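Have a look below at one chain only, the form predicted on its own, in structure tokens format.
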């Protein structure tokens, strides 16, 4: 990849929360690069710091008790320095997101056509009729044969797989530069999960959209990503190409994640335990050399 193709560059990112008990350090010197058209996975167990990283990229952590340090450069602009009005222009246009629960990601009180209109009108002035035409065409392109019925539906009237297709199409309809996929297939069964990943792959290839996949599922990483960052307790403990990480993991935590992939005989090895990482304890390892 050429340096000029670098789309997202996170440098020494730190995030802390001021708590009654003291300061809780959640992210510690996170650095991550994503180039145009690249598919990168940020992988770790629940509570490792994946989703808060996504929220920082989207400008969604602005509470008074939040302390942010470092840089998040997107198209050479530091996202930690821009206003919320500027973020509003970026979200849904230059940067889109897909959440893990497609039904919950859609507004339950508005029809799908209205929600497409809100997304499209955020980029440019458009009539509702034009938005319906664009949305119908986009849904047809993802093999939804009855787009009119879908657009006239409320979210609860759609199956999980159909809702996920709608959410992915909605996220991609403005041809964003960056797609954040936060556990995009966790709430789906395996067959629909594969269809959703295939759809994301097809749409992003057409538009050369870069994808930052947030997940704990190494099976999904192996299927979709090109480059992998492994995060544990707010620290990037390993990074490399998919081939490097899967064939020769350099950190015990990465090995544990790989061993947790369900085997064909129904066995897998649990990562550590059922508890989320304790951020009050400093990780007992150093960044791999």
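Numbering follows the first chain given and starts at 1. Computed from a prediction, not measured in an experiment: that's the story for all the values here.
There is also a form predicted together with a small molecule; it is not shown, and the following applies to it.
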For this session: Can you work out whether the small molecule is within 4.5 angstroms of a heavy atom in all three of 19, 24 and 50 in the model of the complex?
Result: yes
Exercise. Can you pick the stretch from 249 to 257, 222 to 230, 50 to 58, 30 to 38 whose heavy atoms fall within 4.5 Å of the small molecule in the model of the complex?
Worked result: 50 to 58
For this session: Indicate whether residue 46 is a 4.5 Å heavy atom neighbour of the small molecule in the model of the complex.
Result: yes
Exercise. In the model of the complex, does residue 101 have a heavy atom within 4.5 Å of the small molecule?
Worked result: no
For this session: Report yes if any heavy atom of residue 177 sits within 4.5 Å of a heavy atom of the small molecule in the model of the complex; otherwise report no.
Result: no
